[in-house]
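Shown below, as structure tokens, is a lone chain in the form predicted alone; questions about how it binds or moves come after it.
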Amino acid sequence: MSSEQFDYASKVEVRTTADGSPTLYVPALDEHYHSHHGAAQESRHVFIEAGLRPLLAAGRGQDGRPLRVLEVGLGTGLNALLTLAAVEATPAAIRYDGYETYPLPPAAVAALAPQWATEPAISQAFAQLHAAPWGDATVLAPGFILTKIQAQVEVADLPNAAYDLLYFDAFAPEKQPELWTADVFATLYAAAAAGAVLVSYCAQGQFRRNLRAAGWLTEKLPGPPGKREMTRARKPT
């Protein structure tokens, strides 16, 4: 069953993962939004440490031009909020576009909110993120602008050569095969700036072959707990 056939976000369950952070489970797809080994630690490992931090270390987003992030699968907003936390103490400016086909139901948002209770600034950003109108730019913090886009990225009108960092966080290929094609990665390649980085938790061989067919240079990296490998790809300069 594809995401086009079932509004899976209307029927989700909140579950606690091994590191204590929550995730959502979709019974119709038999799929979790994040790793059951640890939602937060997986997102930090894949998207922040392997994707964002190397670009920040290279000075991206601190040269008068915002670092532009495209997320495929905004979901709970975890990756966006961890990105915000990672740049709070830096001078980096971020423009973050998050694509999501099905917004979370209010009950799921309310159930996820307590995870940020000890971090007031992020807790406030979590509430702002989920309350923000779709399609409008929202300032979550000084220098951090989020735009939520309710659309299928594979048919979206993406800007050309715009994004520095791409978080590919769709459900697994066997759950959402329409998002893991060479055509989709060619669309993302065209939207990526020269030298842009794409990171994903997925290490599937066909995924990497589809990336390479679209022009991306791929590499294997150690995965988060519970996964042997992950993927990082780069658009040549």
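A quick note: this is a predicted structure, and the numbers were derived from the prediction, not measured. One rule holds for the numbers: they count along the sequence shown, beginning at 1.
Keep in mind that the form predicted in complex with a small molecule is not shown, yet the notes after this line are about it.
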Given the small molecule in the predicted complex, answer whether the residues 83, 115 and 118 all have a heavy atom inside 4.5 Å of it. no
If you check in the predicted complex, is residue 154 within 4.5 Å of the small molecule, heavy atoms only?
yes
Indicate whether residue 176 is a 4.5 Å heavy atom neighbour of the small molecule in the predicted complex. yes
*Considering only heavy atoms, tell me if residue 101 and the small molecule come within 4.5 Å of each other in the predicted complex.*
yes
So in the predicted complex, is the small molecule close enough to residue 33 to count as touching (4.5 Å, heavy atoms)? yes
The one residue among 108, 78, 122, 92 placing a heavy atom within 4.5 Å of the small molecule in the predicted complex is 78
Testing 204 to 212, 54 to 62, 33 to 41, 186 to 194 against the small molecule in the predicted complex with a 4.5 Å heavy atom criterion leaves exactly one stretch, namely 33 to 41
